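Take a look at this single chain in structure tokens; it is the form predicted on its own.
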């Protein structure tokens, strides 16, 4: 007769697997959005109010104090309560309902900015929310020039920016740009109206270099390049604004330059390190760019000369001579310790030998 113990074990194991599969089933699953601070009530699918159920949050059983019959009640929810909520029937653990709770906020008025850094090709608009919503948002932007709606081609990166090509230069008709943001809890919008020349703002100058001028302790040579995003500097030339200061001071000095991409500073403090930046602007329209990346430079300084004085020579010679002086003869022969004329003779002989040795090195 076959042993019934293994068969019973298999039955128990199969039951455990079924319960696990039921608890992790994705049936009747959806996403539920709720505002921060709201009171949330969840029903256990089609189960009656008085049915025996068990609720879990992210796989952890929820205490019965949060239940009203078979309903789950969450008071004043916050962001930490976002997650997957599941409801199971009684002791059978049949999954009856499952939802993913997303706690967040409706969007506030978005921040919209439009700028032309590649005039006369076109302009771009970018946007962001002043505070996070913690749930997905969608943005829709419309651009109208007069009565015509224009296409705003969205960038792959960054995602919150799009570009518009100018259809007509030097137009006096205003542009109207409207941005609408929407999520599951609400929506908001903002609108900008502007002339094309009002949003012209180049990128900062590039490759700014500052270096000392040889043999000129108060001069620094500064050079830079037009921003690479400015498409036609010959037809639409830029002017520049240079600012500089020594690191030991907080006050800037300024120079406005109508042409060229270099300038020589002639009033620098000798030996002091300087910080230097450059901005750019179209000659006739728009506003100044942001400042370029700061560069540092120190005016030329003369290398100090190392002179040897007569006193230093004398001191060096004396030190060399004294190093070869013989030790006193008294160190060789202690008269108090010598007994007899033979010992005296030996002392005198040793003294003469050492004296002669010293003379050879003078």
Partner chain sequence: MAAADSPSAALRRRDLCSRGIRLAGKMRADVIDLLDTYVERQGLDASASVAAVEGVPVAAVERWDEQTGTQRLLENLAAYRAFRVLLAQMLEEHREQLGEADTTLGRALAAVLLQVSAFAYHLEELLRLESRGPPSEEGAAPPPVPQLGLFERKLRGLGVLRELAQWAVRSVRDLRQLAKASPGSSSAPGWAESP
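These numbers come from a predicted model, not from an experiment. Residue numbers count along the first chain shown, from 1.
One more form of this protein exists, namely the form predicted in complex with its partner chain; it is left out here, but the text below deals with it.
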property: Listed residue that, although its partner chain is not shown, lies within 4.5 Å of it in the predicted bound form (heavy atoms), from 159, 254, 148, 75; result: 148
property: One residue of 234, 259, 267, 250 in contact with its partner chain, assessed in the predicted bound form (non-hydrogen atom, 4.5 angstroms); result: 234
property: Exercise: residue 167 in contact with its partner chain in the predicted bound form, heavy atom 4.5 Å; result: yes
property: 4.5 Å heavy atom contact, residue 287 and its partner chain in the predicted bound form; result: no
property: Contact of residue 274 with its partner chain in the predicted bound form (heavy atom, 4.5 Å); result: no
property: Any non-hydrogen atom of residue 182 within 4.5 angstroms of its partner chain in the predicted bound form; result: no
property: Interface stretch in the predicted bound form with its partner chain - options 259-267, 79-87, 236-244, 206-214, non-hydrogen atom within 4.5 Å; result: 236-244
property: Stretch 170-189: residues contacting its partner chain in the predicted bound form, 4.5 Å heavy atom cut-off; result: 170, 171, 172
